[in-house]
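To begin, one chain is listed below as structure tokens, in the form predicted on its own.
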């Protein structure tokens, strides 16, 4: 390249100048367009279609017959919906609380160097990777009156071997809570363990030198430092618990009667068994709104706890 050509090239680059502000803003927009399109197709459109179906009558074939808010009026007058809502709230509160508390205690034990911690971490996490339908069928068989392992163990201890666990309307909900906690606790443990291990070891060593015991370190050092993660884990456990269809349906089908029927089970029965997709969609929309409200409330509570801790 001659000196003349080189000078012309440099002058051309200089005249082009830096990219305009508009072009700098356009690139990020174009970069996220595929993701936005995917969200629109997989999330926004199904939600909009569910709301559309909930405002009418549809049996799965043909066009939706518009009925306005009739499905929602029927929904809030339905005793089965109210019972399913109560069951959902009870199941959600118990499952979330036990999953987070037990997961936190297990994580703290591993973080503090309990003997065999790595082995126990794997064992406690195994139920998480087990398909929920498999876990439900396994525990459903375990609680069978004559052939279940639960009655066999109780019989060997002289406590009776003919308990109809899943046929008891007053106790079946607590059994499915137990199984849900069993499947979710390992996930909570792993997330909380990661947060605990990010706390500098020097902080715990200084507390030990000052004479702070294990319980004191847990409540005065560990918990204040992992509150944001506790909030995240609680939110995840709450969402998982409120949408726990697989465990309950594989164990009890919502029975005995409707003793363990939660809102997702009601959605399934109304939509796919009764072929009343309009009513089922209305139930699904209300369930989504409730889950969203619970998630926002949990995050706000823990955000305030984080600010107070600081």
Partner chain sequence: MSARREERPSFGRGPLWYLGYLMLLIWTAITLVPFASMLLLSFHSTSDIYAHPLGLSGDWQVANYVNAWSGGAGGAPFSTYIINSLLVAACSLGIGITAGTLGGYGLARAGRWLSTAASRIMVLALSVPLVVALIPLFQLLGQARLLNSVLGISLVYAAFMTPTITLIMRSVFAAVPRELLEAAKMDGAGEVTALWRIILPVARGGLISAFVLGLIFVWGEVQFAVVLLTRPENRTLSVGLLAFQGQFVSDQGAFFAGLVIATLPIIVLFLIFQKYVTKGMTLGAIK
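Residue numbers count along the first chain shown, from 1. If you're wondering where the values come from, they're calculated on a predicted model, not measured in any experiment.
Here the subject shifts to the form predicted together with its partner chain, a form of this protein not shown in this document.
- Considering its partner chain in the model of the complex, the lone stretch of 89 to 97, 187 to 195, 169 to 177, 76 to 84 in range is 187 to 195 [heavy atom distance within 4.5 Å].
- Residue 134 is the only one of 134, 164, 101, 218 with a heavy atom lying within 4.5 Å of its partner chain in the model of the complex.
- Contact annotation for residue 25: at least one heavy atom lies within 4.5 Å of its partner chain in the model of the complex.
- Although the partner is absent here, residue 56 sits far enough away that none of its heavy atoms falls within 4.5 Å of its partner chain in the model of the complex.
- For residue 225, no non-hydrogen atom is located within 4.5 Å of its partner chain in the model of the complex, even though that partner is not displayed.
- Using a 4.5 angstroms limit between non-hydrogen atoms, residue 66 is distant from its partner chain in the model of the complex.
- Contacts to its partner chain in the model of the complex (heavy atom within 4.5 Å) from stretch 46 to 71: 46, 47, 49, 50, 53, 58, 64.
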